[in-house]
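Shown here is one chain on its own, the form predicted alone, set out as structure tokens.
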Amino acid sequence: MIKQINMSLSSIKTITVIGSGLMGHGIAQVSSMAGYEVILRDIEQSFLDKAIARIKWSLDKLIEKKKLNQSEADAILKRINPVVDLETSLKNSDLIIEAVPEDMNLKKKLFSEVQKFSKPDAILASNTSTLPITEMSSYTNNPSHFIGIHFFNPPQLMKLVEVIPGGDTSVLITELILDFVKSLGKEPILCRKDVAGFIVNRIFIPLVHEAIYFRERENLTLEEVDSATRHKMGLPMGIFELADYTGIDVVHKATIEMHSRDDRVINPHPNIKKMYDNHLLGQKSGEGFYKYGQENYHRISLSEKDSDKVDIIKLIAVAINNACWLLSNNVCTKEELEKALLLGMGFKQELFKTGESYGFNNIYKILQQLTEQYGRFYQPDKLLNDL
């Protein structure tokens, strides 16, 4: 067993980020901006060159907005060292953050290689959004030093970071990583149990599927459902628009992982897999639920008038039910849940306040009706009895 004495935030000086894609290069940037020495590792130099170019572009934008000056940006870039060789990237690292695609076999293989070259007391972390931390840690020699650090996309802008200890993660390591996240200027939320989807995705991913069922059952248009989720539920954009922005590939892969580990957490709609198979991935591919132009970001026109046509209580009921499950299973507190939804999904109002305005008694009855019609996914959580 590795001794865990005298470990504090000052013991983290060098960070290795493995994977230089959308999440990886963002994590590297925010870590360097906080003053850490960062090694950014990927399997090809061309991937790293692209990542460094993206970081430079992001820093240039901050200079334009007068949030940085040129010398500060140069220093941030200088602290990021792109490396292809895995052994070189790991030998002096205090904290290793994996940010490769959501594939357990890929991560298993990676961590078996990582522990050959990393320091015995290095902290290993995964940026996974859905995969179980406890299972992942079992592929390492020291599960007590393994933890989940789930940044949200894009890491440069999103304040929320879910911190997920596995079943064997030491309390000391958990506290250290909470401090590390704060040192980045981020807001950590502790996910107290290693459950499928953690906190935010436990609400978001099932809601995407449920919105498709809801649209079909109520004979509504995409725009009508999106208008209602935005204007009546408090989302920053419609649920279908948000899925397109996130990426249907991300939604699909998260669905598979979450459902395979707990078939009560999600009621998969076949359309998501069809969209994924047909490369209708949302904004990144030019088409998802909606078609997009050539510009980088495209907002769907959603009118409050369209939302007046929609009784959104059935969608709210599903979100409230999953939220109740998180609370009744002590995954997080109500305050932590609301903060996570505010920072991670952009909710404009507290979910439970929305539920209260529709009446928890009404929500309970709706869920009972849906259970009778469509099965146990809708079975009301025990906490709804108290509410």
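Position 1 is the first residue in the sequence shown; the rest follow in order. Keep in mind it's a predicted model, so treat the numbers as computed, not measured. In this text, rigid core is short for the largest set of C-alphas that superpose within 1.5 Å between two forms.
Form predicted together with 3-hydroxybutanoyl-coenzyme A (3HC): not shown, discussed below.
Heavy atoms within 4.5 Å of 3-hydroxybutanoyl-coenzyme A (3HC) in the model of the complex are found in one stretch of 171 to 179, 137 to 145, 197 to 205, 255 to 263, which is 197 to 205. Shown here without its partner, the chain carries 64, 154 and 158, all of which come within 4.5 Å of 3-hydroxybutanoyl-coenzyme A (3HC) in the model of the complex through at least one heavy atom. Proximity to 3-hydroxybutanoyl-coenzyme A (3HC) in the model of the complex, defined as a heavy atom within 4.5 Å, singles out one entry of 100, 212, 237, 281, which is 237. Taking a 4.5 Å heavy atom cutoff to 3-hydroxybutanoyl-coenzyme A (3HC) in the model of the complex, the contact residue among 34, 52, 345, 331 is 345. Although the partner is absent from this view, residue 250 contacts 3-hydroxybutanoyl-coenzyme A (3HC) in the model of the complex, with a non-hydrogen atom inside 4.5 angstroms. The closest heavy atom approach of residue 354 to 3-hydroxybutanoyl-coenzyme A (3HC) in the model of the complex falls outside 4.5 Å. For the chain shown alone, residue 246 is a contact residue for 3-hydroxybutanoyl-coenzyme A (3HC) in the model of the complex, at least one non-hydrogen atom being within 4.5 angstroms. Contact check for residue 322: no non-hydrogen atom falls within 4.5 Å of 3-hydroxybutanoyl-coenzyme A (3HC) in the model of the complex. After superposition on the rigid core, the Cα of residue 66 moves by 2 Å or more between this form and the one not shown.
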